[in-house]
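We begin with a single chain expressed as structure tokens, specifically the form predicted alone.
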Amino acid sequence: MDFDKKLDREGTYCAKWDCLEEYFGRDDVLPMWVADSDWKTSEAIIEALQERVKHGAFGYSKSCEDHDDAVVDWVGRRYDWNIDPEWIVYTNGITSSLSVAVRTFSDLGDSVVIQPPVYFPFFSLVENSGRRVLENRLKYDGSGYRMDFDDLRSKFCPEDDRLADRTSIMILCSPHNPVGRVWSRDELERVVDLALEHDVMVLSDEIFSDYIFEGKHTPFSSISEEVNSMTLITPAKSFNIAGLKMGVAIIPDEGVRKRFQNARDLLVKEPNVLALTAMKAAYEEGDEWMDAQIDYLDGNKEYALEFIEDIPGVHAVEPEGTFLLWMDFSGLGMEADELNDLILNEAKVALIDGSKFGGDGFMRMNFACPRDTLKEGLERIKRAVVSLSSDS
């Protein structure tokens, strides 16, 4: 659990490090963009995978009661939520699961509510399904974000009630990527009330549910079994095993669960045998490693926030969860292309442009890296920003 140790990820078919030229047009930048971690996973997972590989046969696989027990126990320990193993449906990922759910539980032309600035594949998975994106934008007060419940109500119940304008689904990001909000129980209960009132299904992407800096995560579907909902979790980000492709859909309603499972069997299937092996090891033996990782990330977060206070014209929104830093560069007064040029070509740091999420003037930084890497990235950005005033 030496998170300070630098891990050479180049040459491992790693998107973050090996695809810089493809995504950014240059390969001499420090990658702090893709949301995975720059350290090894838990030794328990590595050993479980090694043992499985030694077996030598990799035929068709199937989840079993052992996997269910591991998920049930993890959710109970980490989130204080007692679930029935029958509620579990395994998939090969959360984004693909969301896409299947949107196509299964809404009709062509329906509206799907999302909350920008938000994980940008939400936009495309809705539009590519022949549905309409309806934005319930989060409110930013210069420090942090909150939900606009008055607007949410209006989006759930549009004035034009034609079938083509029906709002059937909301995709919730909890904890929120990229702004780092961990929604309180009160906030989630208000969403539940509105969803029940207007018969809207809530698909809750909880991929960052294990990254909470204070308190515990509240799964959306744990609040009420009356609301039509699906909670999606995975050890993929938590244990830096996203490349193995796995997801867990927790669906209390039997009818909804069967419909989703039938669609899954046609489109996304279950995780592969190595993903199932890694998931079981993570949820059975990963608590100590996960807790140590959170402690280290909390230190990274505090270091970054303090450092950014000394960068003129730049502000960082303090994340309550995730390992993502939502950086506000609007104080520099730059157009989007100017800001991108500054960060990429002057600072030589690869971040994700906030406009992709629906947040102009912002950038998203991943701080799940050794402290020295974080320090180098921040110093590069500071030098580039300070040089603006010296050039003028």
Ligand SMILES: Cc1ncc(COP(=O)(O)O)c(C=O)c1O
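Note that the structure is a prediction, hence the values are computed from the model and not measured. Throughout, we count residues from 1 along the sequence that is shown.
A second form of this protein, the form predicted in complex with the named molecule, is not displayed here; the remarks below concern that form.
K.L.:
Any idea which of 186-194, 223-231, 92-100, 269-277 reaches within 4.5 Å of the named molecule in the predicted bound form, heavy atoms considered?
P.N.:
Of the options given, it is 92-100.
K.L.:
Would residue 44 show up as a contact with the named molecule in the predicted bound form if we use heavy atoms at 4.5 Å?
P.N.:
Although the named molecule is absent here, residue 44 would stay clear of it in the predicted bound form, with no heavy atoms inside 4.5 Å.
K.L.:
For residue 301, is any heavy atom within 4.5 Å of the named molecule in the predicted bound form, or not?
P.N.:
No - in the predicted bound form, heavy atoms of residue 301 and the named molecule never come within 4.5 Å of each other.
K.L.:
Flag residue 207 as yes or no: does it have a non-hydrogen atom within 4.5 angstroms of any non-hydrogen atom of the named molecule in the predicted bound form?
P.N.:
Heavy-atom contact with the named molecule at 4.5 Å: present for residue 207.
K.L.:
If you check in the predicted bound form, is residue 237 within 4.5 Å of the named molecule, heavy atoms only?
P.N.:
Taking the distances in the predicted bound form, the answer for residue 237 is yes, it comes within 4.5 Å of the named molecule.
K.L.:
Which residue, 293, 136, 111, 177, is the contact with the named molecule in the predicted bound form, using a 4.5 Å heavy atom cutoff?
P.N.:
Contact residue from the list: 177.
K.L.:
Looking at 316, 173, 281, 200, which is the one with a non-hydrogen atom within 4.5 Å of the named molecule in the predicted bound form?
P.N.:
After the contact test, the surviving option is 173.
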